[in-house]
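The data below hold one chain only, encoded as structure tokens and taken in the form predicted on its own.
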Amino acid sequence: MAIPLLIDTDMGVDDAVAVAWALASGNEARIVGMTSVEGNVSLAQATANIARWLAGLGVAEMPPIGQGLSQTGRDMPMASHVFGDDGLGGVDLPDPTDFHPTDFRSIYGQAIEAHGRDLTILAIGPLTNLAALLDETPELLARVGRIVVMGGAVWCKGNITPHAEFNFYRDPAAAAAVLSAGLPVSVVPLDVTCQVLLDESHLAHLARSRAARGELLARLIRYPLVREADGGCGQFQVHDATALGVILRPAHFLRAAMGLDVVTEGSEAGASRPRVAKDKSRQVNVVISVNAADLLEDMLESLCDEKFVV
């Protein structure tokens, strides 16, 4: 049976790869709702990007889409330098007609009411929306079967400050609230996602695949790949698709149960600090290892709609 999936996203290029994989997964997962959050781009752009990307992929019947929240109180960078001004690499995408997003709360409420413990939430942006739900209706998220979060830098260096990963840095208080709430949370940190890398050979697979989404993804990913190449790397870290992989391909990952505190203020805001937590209700599952080669092969086979060896 397909896993009902609610995706909470700030809709940059790596988010788009995750969404494309979820849609390509066939009977493995089914997107039952999507909500935007400010992060990679502004809230308005993230909301529009959800519809633009789904339209570009040719989704005939869009899932319910909700507009979420922005972060307040801090002057925080976005990621236009990585993903372009629109967050999707400047790729020409159709502007969907008759697009009227609702409030994110109604999307969460509808999905949880319909699917309950079967529902998985994939949170691949700052956790602002989830923290707001915890504050307003704390019993709602308690009814969800699983929450998979892309965020944090547990033992590795951060990617926005030396201490912090981007999603947790943008709203550290939200991350701290969600991780300490006793919810069924799995954290997929930068330590693991930075090992899953696309390069020119993978883009060539996508571009020549028989799936229309492959060519579109190749164009989309080229923007951050070229940007990284300017710095001597030439690889693109697919953070958010790795988090989806924890749901679709759990055998490729190792996890450990632990407490994970998030620094909420000061120069180390957003930093993730592991600790021993004997109280299981205060533990989260932290992904600590990935079989990157097999995960990439499985992801690309789904996206290209063909079998091959990476």
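Computed from a prediction, not measured in an experiment: that's the story for all the values here. All residue numbers refer to positions in the sequence shown, first residue = 1.
Same protein, other form: the form predicted together with ligand RIB, not shown, and the subject of what follows.
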{"property": "The single option of 220, 124, 121, 192 touching ligand RIB in the predicted bound form, heavy atom within 4.5 Å", "result": "124"}
{"property": "One stretch from 140-148, 234-242, 209-217, 172-180 that, in the predicted bound form, holds residues within 4.5 Å of ligand RIB by heavy atom", "result": "234-242"}
{"property": "4.5 Å heavy atom contact, residue 35 and ligand RIB in the predicted bound form", "result": "no"}
{"property": "Residue contact check: residue 40 to ligand RIB in the predicted bound form, 4.5 Å heavy atom", "result": "yes"}
{"property": "Contact flag, residue 110 vs ligand RIB in the predicted bound form, heavy atom cut 4.5 Å", "result": "no"}
{"property": "Contact of residue 167 with ligand RIB in the predicted bound form (heavy atom, 4.5 Å)", "result": "yes"}
{"property": "Heavy atom within 4.5 Å of ligand RIB in the predicted bound form - qualifying residues of 7-21", "result": "10, 14, 15"}
